[in-house]
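Form predicted alone, single chain, as structure tokens, below.
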């Protein structure tokens, strides 16, 4: 890629609420990579439904997503998200809408009073995939000024960016299956591979079965630590909420110390770019990232 690229930016709910550090880190990193983010045209966008709404009312969820897609179409730009859950939900909604013209027509009838119509051209794409397929990891590598040498980073994809693969483009883009690992290596760190990286983080069942949810958190984080992980990185803010925010609860339930820093994808990249830790919001986590930041500084 040469020059800059521009996207209609759909940050999702969590990066504008519970994980604001993800939003600020994205802005910092994208600016350095020449990724322009159009936000004005997406200001009235709604939640995707996070898969939870769809369980109760799929049509309502699809209508909300069709509205978001129509807003993106109106900007004339491709649609970018920084939330794996949003990516999965939007991809499934878009598949249903574009494969059934009559269904799309009926949804558009609901959007008409607002002057919106979804024409079926949106292709929602997570920042992770954009880095691989459009920006190019060579550009990321060229912006690395502080390689994360000596660090072992565990990738954690979560559910929604890997399943169902039939609507997430894995056949057309097989490189997506190890996208996080590729980014980890590009920023100079080593991959700490572990078997739970594509499993559920436990967040979807947090309010109905906290014990099982905490078991998932402890299983994943302890497994990553057993693999030698210095920290874990995830492209999903909902996974971050559970793995970071509820890690103390999970450790107490497991009766084992964990103390594993959980990074958002742009925070990992931003660290390697030499961006200040506070600008990346690394001081906003429940699990302290101070040791990690110190290790990065000492390694230089």
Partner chain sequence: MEVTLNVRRYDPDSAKPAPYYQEYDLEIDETHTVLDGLIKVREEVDGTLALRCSCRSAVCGSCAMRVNGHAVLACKTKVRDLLHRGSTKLTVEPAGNMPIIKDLVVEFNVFWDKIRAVEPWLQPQGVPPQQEYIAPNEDMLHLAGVMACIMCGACVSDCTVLEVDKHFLGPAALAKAYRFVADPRDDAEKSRLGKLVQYGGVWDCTRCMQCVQVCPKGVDPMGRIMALRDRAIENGYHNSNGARHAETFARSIKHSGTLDELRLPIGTFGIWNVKEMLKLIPLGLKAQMRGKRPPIFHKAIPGAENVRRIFEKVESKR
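Residue numbers count along the first chain shown, from 1. As the structure is a computational prediction, the values presented were derived from the model and not from experiment.
As for the form predicted together with its partner chain, it is not shown, yet the points below apply to it.
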item	value
Non-hydrogen atom contact residue 97 with its partner chain in the predicted complex at 4.5 angstroms	no
In the predicted complex, residue 291 touching its partner chain (heavy atom, 4.5 Å)	no
Its partner chain contact in the predicted complex: residue 56, any heavy atom under 4.5 Å	yes
Partner proximity in the predicted complex: residue 263 to its partner chain, non-hydrogen atom cutoff 4.5 Å	no
Site check 5, 26 and 277: each within 4.5 Å of its partner chain in the predicted complex by heavy atom	no
Contact assignment for its partner chain in the predicted complex, among 37, 50, 273, 251, heavy atom within 4.5 Å	50
Listed residue that, although its partner chain is not shown, lies within 4.5 Å of it in the predicted complex (heavy atoms), from 232, 268, 45, 239	45
Heavy atom contact within 4.5 Å of its partner chain in the predicted complex, the stretch among 204 to 212, 142 to 150, 224 to 232, 183 to 191	204 to 212
Residues within 4.5 Å of its partner chain in the predicted complex, restricted to 151 to 168 and counted by heavy atom	159, 160, 162, 163, 164, 165
